[in-house]
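What follows is one chain in structure tokens, specifically the form predicted alone.
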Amino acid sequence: MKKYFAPGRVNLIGEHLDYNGGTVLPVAINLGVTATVQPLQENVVVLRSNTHSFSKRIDLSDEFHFDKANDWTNYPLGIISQLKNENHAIQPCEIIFESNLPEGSGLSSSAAVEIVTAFALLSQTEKQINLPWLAVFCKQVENDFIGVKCGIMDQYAVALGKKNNALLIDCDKVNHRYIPFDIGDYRLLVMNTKKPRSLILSKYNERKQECEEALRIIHTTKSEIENLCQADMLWLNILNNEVLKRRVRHVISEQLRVNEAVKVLQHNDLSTFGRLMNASHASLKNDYEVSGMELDTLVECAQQIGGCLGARMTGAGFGGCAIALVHSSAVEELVTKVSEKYFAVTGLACEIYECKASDGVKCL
């Protein structure tokens, strides 16, 4: 019996840039998904979960297809299907999953399940696993088997995270480098709205289409660029549509904030990084319009706490989570005041927990 762990991820800054060819700055976190693998004699894989009642037993000689009735097991099924398609050996086994990641919160529980499944199965038969390849492999499963046209950020951060470091990922060239994120007396808090994210897929696709349309228009006069993150603020006047103009303004300004964040974190300038977080949220709220009352309530209340350097929504938006960078001495005040304010405004009880920049997928 062997155990494996894949973390969730929090994007520190660089929201909605992955599918626009930009650079993003996530961290793997100390919450995640554990997979316990027990060999079996029959030619089957049994998928179970300690946090879901649904389980599935599959014959490895079968073909697999996405089926909504398969619930959460679609993610490991997609991994198994693609491993078979690429002629990787799969040892019969039972995999028991256990997660302390809140689902539907934007912390990449699906990517964690994909990565830990692929890593665990490959570890049974292969000595060396190329982690950048693993991230791209799992993204392909998400795109083709699950049908979610996500960028590379989630799987890459889950696979290649590093303790006390953020991961600067170039989503166009698909490479990375580590940026120090050793925050000393400060704490990274995740604030979960607990709001169901029913709009997320449709709005995500809508924003993606808006960006594609904006790039098409810009290309009519600026054919030298390959993606929106290479655009210049001076080119906004090419766009007559005010909505598209706002979307592009967010993409360009967010990429500039990522570039600045890399510089200030390398000098451990957390105060400036906090201000960049605040500016990022304002842009996501006003220009990209993917925030919402719940996220804004959490963020704006956190920003008013004396020891909070910055706060912003993280993930695709319309619910999910926000993050705050706050001094350890102000954590208790922030948790109390934000929780009380949030409940008074929304009638929902938020969850707030501390996360640390941690390592990516590993054998326990």
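What you are looking at is a predicted structure, and each value in this text was computed from that prediction instead of being measured. Numbering starts at 1 and runs along the sequence shown.
Keep in mind the form predicted together with alpha-D-galactopyranose (GLA) is missing from the figure; the text below concerns it.
Asker: Any chance residue 204 has a heavy atom within 4.5 Å of alpha-D-galactopyranose (GLA) in the predicted complex?
Answerer: Yes - in the predicted complex, heavy atoms of residue 204 and alpha-D-galactopyranose (GLA) come within 4.5 Å of each other.
Asker: Is there a heavy atom of residue 19 no more than 4.5 Å from a heavy atom of alpha-D-galactopyranose (GLA) in the predicted complex?
Answerer: Because a heavy atom of residue 19 falls inside 4.5 Å of alpha-D-galactopyranose (GLA) in the predicted complex, the answer is yes.
Asker: In the predicted complex, does residue 315 come within 4.5 Å of alpha-D-galactopyranose (GLA), counting heavy atoms only?
Answerer: Residue 315: contacts alpha-D-galactopyranose (GLA) in the predicted complex.
Asker: Is residue 134 one of the residues lying within 4.5 Å of alpha-D-galactopyranose (GLA) in the predicted complex, judged by heavy atom distances?
Answerer: Taking the distances in the predicted complex, the answer for residue 134 is no, it never comes within 4.5 Å of alpha-D-galactopyranose (GLA).
Asker: Have a look at 215, 150, 160, 95 for me and say which one sits with a heavy atom within 4.5 Å of alpha-D-galactopyranose (GLA) in the predicted complex.
Answerer: Selected option: 150.
Asker: Please determine, with the chain shown alone, which of 264 to 272, 83 to 91, 225 to 233, 150 to 158 has non-hydrogen atoms within 4.5 Å of alpha-D-galactopyranose (GLA) in the predicted complex.
Answerer: Single hit among the candidates: 150 to 158.
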